[in-house]
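Before any questions on binding or motion, here is one chain by itself as structure tokens, the form predicted alone.
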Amino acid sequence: MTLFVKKVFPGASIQDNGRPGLQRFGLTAGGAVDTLALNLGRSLFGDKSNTSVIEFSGAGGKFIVKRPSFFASTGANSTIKLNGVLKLQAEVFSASEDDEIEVSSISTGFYSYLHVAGGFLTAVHFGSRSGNIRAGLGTILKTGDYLPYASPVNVKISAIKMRNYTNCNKIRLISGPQTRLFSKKIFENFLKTEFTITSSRDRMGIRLGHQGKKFDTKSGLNVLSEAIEIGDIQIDGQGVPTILLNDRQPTGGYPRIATVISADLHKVAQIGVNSTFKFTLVSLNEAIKALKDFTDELSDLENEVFNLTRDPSDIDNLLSYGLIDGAIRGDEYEES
């Protein structure tokens, strides 16, 4: 069973949970940028394993179904159509052989996802199917590809409520070991500044724009190269900040002024180009609690899924439904 890639825009790739634990060997984890969107789709299919999806960056594509299966879309707000007919996001739909699935350009947010029942079965590298173009691993989509997927089993037409987090204007961060390299005045100014998401962004990081003074520090440019954590906010030689994401480099020498908390990584990644936001500083304990709350939210998603029953044979309490409203004699339209 395969999905034929009829047309796709640059930046689309296969993603799953990534490759955690390999950074000490020079390979960052990668994986889906928006873990909430990834798990929303998995919950629709009852997937508890590391199933993979198509991740789109800013734009989508067109696909031809080669074997019947079930699909769903999550993440950034985008239009998804089956043979030209609009389909709702976060809702399972069935597709037959030779049907066309179209994912349009994204209107709000940046990363959207196309899920298939059982996940896509592309090549595995170091325990993951995730595409990392810089490392040459996984699958980066291109026109003409065939993407294999599993045979669907016991799939129900279901839905889950979408979250509204693709235009967040407050992102939480914590200070780190290199925050002290920046003066108190510079750091306070950093927290007061309104930042803009620039078009210089990809799975490696997001370059930020802002008005006013740069955030440079002379002492920070002499630091030794160290391991880089996801969410680190790196300040380059020109004093410009960049939020480092999933496919970041494993080590770096630029100073990092702070780090976006884990619970807000999916939010900052989904802020659209030219959108503005501010950072707010929280304590380490607050960040830990936020991560626990987010983890609990992911664990509870399966309980939010509801079935959209369409076949009367699947309704176990059919007689409880009011299927008839009013009555007629039956001869109203006979000629006298």
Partner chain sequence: MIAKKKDIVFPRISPLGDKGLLIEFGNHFEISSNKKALALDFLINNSLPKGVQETTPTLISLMVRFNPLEITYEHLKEKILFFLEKDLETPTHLGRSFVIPAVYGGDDGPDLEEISDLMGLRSDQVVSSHTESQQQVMMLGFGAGCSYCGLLPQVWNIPRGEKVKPSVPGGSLLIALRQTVFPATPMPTGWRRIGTSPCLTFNLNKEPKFLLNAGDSIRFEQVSKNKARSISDDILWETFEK
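Numbering follows the first chain given and starts at 1. Because the structure is a prediction, the values reported are computed rather than measured.
The form predicted together with the partner chain is left out here; the points below concern that form.
Proximity to the partner chain in the predicted complex, taken as a non-hydrogen atom within 4.5 angstroms, holds for one residue of N154, N164, S151, S225, which is S225. For the residues T79, S183, S94, T196, the 4.5 Å heavy atom test against the partner chain in the predicted complex is passed only by S183.
Proximity of G239 to the partner chain in the predicted complex: non-hydrogen atoms within 4.5 Å are absent; the residue sits far from the partner. Contact annotation: E188 falls outside 4.5 Å of the partner chain in the predicted complex, judged by heavy atom distances. Among heavy atoms of T295, some come within 4.5 Å of the partner chain in the predicted complex. Contact between A135 and the partner chain in the predicted complex is found at the 4.5 Å heavy atom cutoff. Picking from 142-150, 229-237, 155-163, 104-112 the stretch near the partner chain in the predicted complex, with a 4.5 Å limit on heavy atoms, gives 229-237. In the predicted complex, the residues of 275-297 lying within 4.5 Å of the partner chain by at least one heavy atom are, in order, L284, A287, I288, L291, K292, T295.
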